[in-house]
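Just the one chain here, the form predicted on its own, laid out as structure tokens.
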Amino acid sequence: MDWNDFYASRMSRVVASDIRERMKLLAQKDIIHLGGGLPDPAIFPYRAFADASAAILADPVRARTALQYAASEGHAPLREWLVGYMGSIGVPCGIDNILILNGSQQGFDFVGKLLISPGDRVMVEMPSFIGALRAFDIYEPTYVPVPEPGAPRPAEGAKFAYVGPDYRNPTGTTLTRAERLELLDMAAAFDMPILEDGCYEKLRYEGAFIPSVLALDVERSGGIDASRVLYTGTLSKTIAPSLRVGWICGPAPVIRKLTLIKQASDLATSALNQMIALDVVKAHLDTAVATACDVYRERRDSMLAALDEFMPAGVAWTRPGGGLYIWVTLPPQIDGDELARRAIADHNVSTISGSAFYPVDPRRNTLRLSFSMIPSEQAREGIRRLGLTLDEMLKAG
């Protein structure tokens, strides 16, 4: 039987993520990984997880709740905590404005399912987070670029715009307050919703806090239920990714629609995981964030210093104020796919070509680097080898 004859037409748009494929190389200890982007498991709060798990399962009442189906909206005490969290970042809201997700990645899928019909225009940053693109792809949109900051407003809007305003994946760049307001002005002009990816908001290494796009729109519109912004958040970057605890915050009528999609998708996020997450964040979130920022700031600084030392002339890169990523622009004649292939084949260095992050018209002379999982000396050696590979390609013409 040939199953290819039975697949829905939309499956033709579903392709493997280059990043997820590269994760298969992590077990090869002789490879220096410059492209990954995973949080470092060495800094996860293991003791806090062990204590929370033991306390929940030792209490018969809590254990029964933890091992039962949860409400589709999510564990109510966690949603209440998130109401306080969102308020602390400038978004006054209520419990009906919060839906718990299996990671914020699930939110991209749900919003795609809710809003995208085949052929709809969807505005995305270019380059953009590949996980969001893969989630949207299956609903068959037509991608158009979010205009660069300061660029003229396009003649036409879209079904919605997807943006990551803080230390975004893959470029590490951040929208200023003025640029966020400019984005909201454009969305208002086109009567267009915005999906905001807030996953790196806490990983700030320097600079002043900038309110989220949702916070600015709530202030402008007079309340969250009048907002045009949906905000996805996650504990994956600050606590641990395997809990798969994220959330989406937005107008209550939209959250109710998304809850129906949640019911049809997986019924609910694990009650046990939600309860563990709540116990851990209540006691340890600030410490975990401070630890992550200290570790990743030092690794960012060391990778930037190595790029300064080893990259040949004609190469440029971003200098992120937070997050996990550095975006490299290569000389125009260099193909990032070919550089990535040669670096791993000839010098045991794994990186990610920037072309993977474009839904259309990729800029091929680009790379994404990540400093989250690589100690300083290893990163320096990896950048040295990457620079050597690039020198070899430039000399070969």
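From a predicted model like this one, the values you see are computed outputs, not experimental measurements. A residue's number is simply how far along the shown sequence it sits, counting from 1.
The protein also exists as the form predicted together with a further copy of the same chain; that form is not presented, and the subsequent description refers to it.
Exercise. Quick one: from Asn273, Ser302, Ser212, Thr174, grab the residue that has a heavy atom within 4.5 Å of a further copy of the same chain in the predicted bound form.
Key: Only one option qualifies, and that one is Asn273.
Quiz item: Can you pick the one in Glu182, Asp266, Asp294, Asp96 that has a heavy atom within 4.5 Å of a further copy of the same chain in the predicted bound form?
Solution: After the contact test, the surviving option is Asp266.
Quiz item: Pick from 145-153, 302-310, 253-261, 81-89: which stretch has non-hydrogen atoms within 4.5 Å of a further copy of the same chain in the predicted bound form?
Solution: Contact-bearing stretch, as computed: 253-261.
Practice problem: Answer yes if any heavy atom of Gln333 is within 4.5 Å of a heavy atom of a further copy of the same chain in the predicted bound form; otherwise answer no. | Solution: Flag for Gln333 set to no.
Quiz item: If you check in the predicted bound form, is Tyr358 within 4.5 Å of a further copy of the same chain, heavy atoms only?
Solution: Because no heavy atom of Tyr358 falls inside 4.5 Å of a further copy of the same chain in the predicted bound form, the answer is no.
Quiz item: Does a further copy of the same chain come within 4.5 Å of any heavy atom of Ala66 in the predicted bound form?
Solution: Ala66: contacts a further copy of the same chain in the predicted bound form.
Quiz item: Looking at the partner-bound form in the predicted bound form, is Leu285 within 4.5 Å of a further copy of the same chain by any heavy atom?
Solution: The answer is no: Leu285 has no heavy atom within 4.5 Å of a further copy of the same chain.
Exercise. Give, in sequence order, every residue of 81-117 that has a heavy atom within 4.5 Å of a further copy of the same chain in the predicted bound form, or say none if there are no such residues.
Key: Contacts from 81-117: Asn102, Gln105, Gln106, Asp109, Gly112, Lys113, Leu114, Leu115, Ile116, Ser117.
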